[in-house]
Each structure stands twice: as C-alpha cells, then as structure tokens.
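In the form predicted alone, a lone chain appears below as structure tokens.
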C-alpha cells in the first residue's frame, strides 16, 4: 500500500474481477419461497417473530425512497457469515421493495486492501462491515459518515447495547452498529483432557498444569500441543486486555490517551504468557500453521479464541469433541471484547442511498437477526436484553462467552494493524531473540503511544 506505484483504479478493477457478488433484484417466486422457508426454520428454533414481520428498531420503516435504488454491502469471507447474509437479503427485499442489496465478499487477508483501493478510487461499498478497530482510521479518511442521529439515536444505542459498542463512537458520533459482539474464552479438547485425567483450568496456575499434562511429543516433535501459541490470532488481545487486567492493571488510562503497558503487573503478565514456550515447553510457534487450525485438527488440548469460532468449527470440524469455559482468571476476571459493525460510507451519505443503507443496518441490527446470527455464527448478541435469552443460555458452548460479557473490554485502536504488529513484535523479540520483556514491551508501547498522541492532537 505504501508503494508510489500503487494504482487504486487498477486494484479496484482487480477486486471487482475477483470478488464474489450475490445480487438479488425483484424477488422471484422461488426466492420468496426460500425466504419463507428460512423464516419458518428460524421460528421453529425460536418463538420470536421474523425480522421481516417485526417492528423497526430505529423507525426506518417509515422512511420512503423516491425510486428503485441499489446498495453494495461489503464484508469479508467467512462461510457461516456469508451463508446467513445470503438468506437474509431476500427477506429484506420482501419488505423493502425497490431496494436491491448487492453482497460483495473478499478473503479476509485482502479485505482491507480492497477497501483502501475503493476509498482512493472514490468507489466501493455503500454499507461496510468493518472491524471496530478500523473505525477511527476510516473516520479520519472521511470514508465512513456518522449514522444519522435522527434515526440511530445515541441514547437508544447506549441503553440497548453492551457498553463495548461505545468503541464505535468517535467524538460523540456513532459510525457503525453491530449485529453481534465477541468475547474470548478457552476452548478445550474433551478427549485429550479426559485421556490425561485433568479438568478444564479455571485459573492461571491450573492453565499451566493442564497444558503440561496434555502435551504430547515424539522426541523433539510435537504431536499435540498442550496450549496453542497464537499471538497473531487472539494472543495479543489475551495479553493486552485479559492478562493485564486479570493481574490488576488496566492497559491504558480511562481517557484512552496513555498506554500503561510498562507497569510491573503488565510485564509480569507478559512473562506469564511467554512461559508456555520458554519455561514449560508445552507449545510451539507455527504449529499446524496456527492455533485455530491445530485445535480444529484435534492437535491442541487448549486454545483461546473468540465466540465466532463456534460457527467455523461447526462447519470445518463437525466431529470435534470440545467444550468451552471462561478464560482462566487470576486476581480479577477479564476478557477481550471485539465486534464487526455495519457503517455507512460517503457513497451513501444522502438521498435514497442513505435511506436504503439505514434500513439495511436497522434490519441487520434487529433483535431477531441477532438471535439467528448467534445460532449460526456463534457470535453473541450486541443487545444486552438478548444475553438473558433462555434459548441462548441452553447452548453450553455459548454460556462461557455470555458470562464474560460484563467484564469484557474493547481496545481503542488508532491503527489496529500497527498496534497488533507492535505486540506481536514484542513477543517475537522475547521468544525468538532473547530480548528481556521490559525492553520489548517498552519499544512496543513507545511506537503505539506516538500514534495515540498524533491522533488525539487533532481534538485538542
């Protein structure tokens, strides 16, 4: 992206050639029949009404378009998500005649580049499914526009949604609204733990002991890791928001302007994380490619991941015998929270496109879609009231994530990718190069603090 030879128009054309576009015009009888069948299946699973039959949460049902309008909705490719959205689009069309939603997907690794190409080319999505940590950057670039306050009341959002959703608020304006949120929990392979005669761990000390009891090696080669080493996955979040807080230290000040990573409790938590490789020898970087792959293949006893992984495992490893428990605690309880949210881009900042985009976001945020999203994806409802839904609490694999919602924290990112890389580099410096934790963490903190200072200077 930093190359002077980067051509956004050419990149965008390549993106259009490669993308998967699901385009639905006026619904045919077959499509309507399929949508009714999908809603009937959803009603069998839950007594709540279909989103197509329920009231609008933000009053968009009273908004009218002046003529037919098409909007593009972009999200990254995840089979469980794309499949559900494909089911939802015809239902949305059924109650919103005249609005056509084009569903565009890219592989996750290409997603930000394709969005960047669209931004520079002045094209791309009207509604973007965006990781919350990218919102500040897209606001700076004036790519995302604020959700219309006369439609999406900030007071309603604050009252109805979990507080972590406030991470989508920049200087008093909400720029996106999630369908679901995520927390972290500990996945465990039941068969491996039972064979070792151990129970899932509930605290830091037990996590070490269970990992040591379940690791399997053939000489110097790992057959099964006791605990996945996945800093590039959820490991950086685990240290930053969970381990530090569990050890009694918040990772940044309440105003989000100053990092506190070099406090002694944070360094101690960092050393605890690295001990699984450096002291206990129960895991390996890059084993089976990454932690999620190793766990899905039955080659890892313990693995920390987000609630969305439930949907992926149901598709990729349907026979895996596993359970989920809350993150092992220490002095305190804490978990990391994150979410993908739907925002309106400058391409749909006014007129019929703004109305259509608002209706689509309202639909995706409705209570019934959130229920279905949780069942299909494994992500948790963003609405506080739905966390007590008996149907969700009956799912033993969801309970650990739902229990974690009250003590889950979403990091404020000026630049999510550079912060993530700074933490990964700090771990690599210690594990691979033998640098002491204090030095490695101080370097990471200085890098990210510089970005924070520059970002907040615009508001001073």
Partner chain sequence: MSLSLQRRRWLWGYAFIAIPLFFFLFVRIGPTIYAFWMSLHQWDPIALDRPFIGLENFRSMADDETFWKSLRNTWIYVGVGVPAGLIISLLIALGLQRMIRFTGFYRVLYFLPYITSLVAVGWVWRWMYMPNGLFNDILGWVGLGPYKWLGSPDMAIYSIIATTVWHGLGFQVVIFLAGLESIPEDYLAAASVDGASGWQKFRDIVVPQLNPTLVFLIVTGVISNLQVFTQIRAMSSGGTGGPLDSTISIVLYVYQEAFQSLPSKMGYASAMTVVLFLMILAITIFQLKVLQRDTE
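In this text, the rigid core denotes the largest set of C-alpha atoms whose superposition between the two forms falls within 1.5 Å. Residue numbers count along the first chain shown, from 1. No experiment lies behind these values; they were computed from the predicted model shown.
Not pictured, yet referred to below: the form predicted in complex with the partner chain.
Look at 154-162, 285-293, 254-262, 300-308: in the predicted bound form, residues with non-hydrogen atoms within 4.5 angstroms of the partner chain sit in 285-293. Taken together, the three residues 82, 364 and 396 all stay farther than 4.5 Å from the partner chain in the predicted bound form, as judged by their closest heavy atom. Although the partner is absent here, residue 137 is a contact residue: one of its heavy atoms lies within 4.5 angstroms of the partner chain in the predicted bound form. Although the partner is absent here, residue 120 lies within 4.5 Å of the partner chain in the predicted bound form, judged by heavy atoms. At the 4.5 Å threshold, heavy atoms of residue 116 reach the partner chain in the predicted bound form.
Contact check for residue 62: every heavy atom lies farther than 4.5 Å from the partner chain in the predicted bound form. Proximity to the partner chain in the predicted bound form, defined as a heavy atom within 4.5 Å, singles out one entry of 166, 271, 216, 141, which is 141. A single residue from the set 236, 112, 353, 103 has any heavy atom within 4.5 angstroms of the partner chain in the predicted bound form; that residue is 112. Along 201-221, these residues reach a heavy atom to within 4.5 Å of the partner chain in the predicted bound form: 220, 221.
With the core held fixed between the shown form and the other one, residue 346 has its Cα displaced by at least 2 Å. When the rigid core is held fixed, the Cα atom of residue 114 travels 2 angstroms or more between the shown form and the other one.
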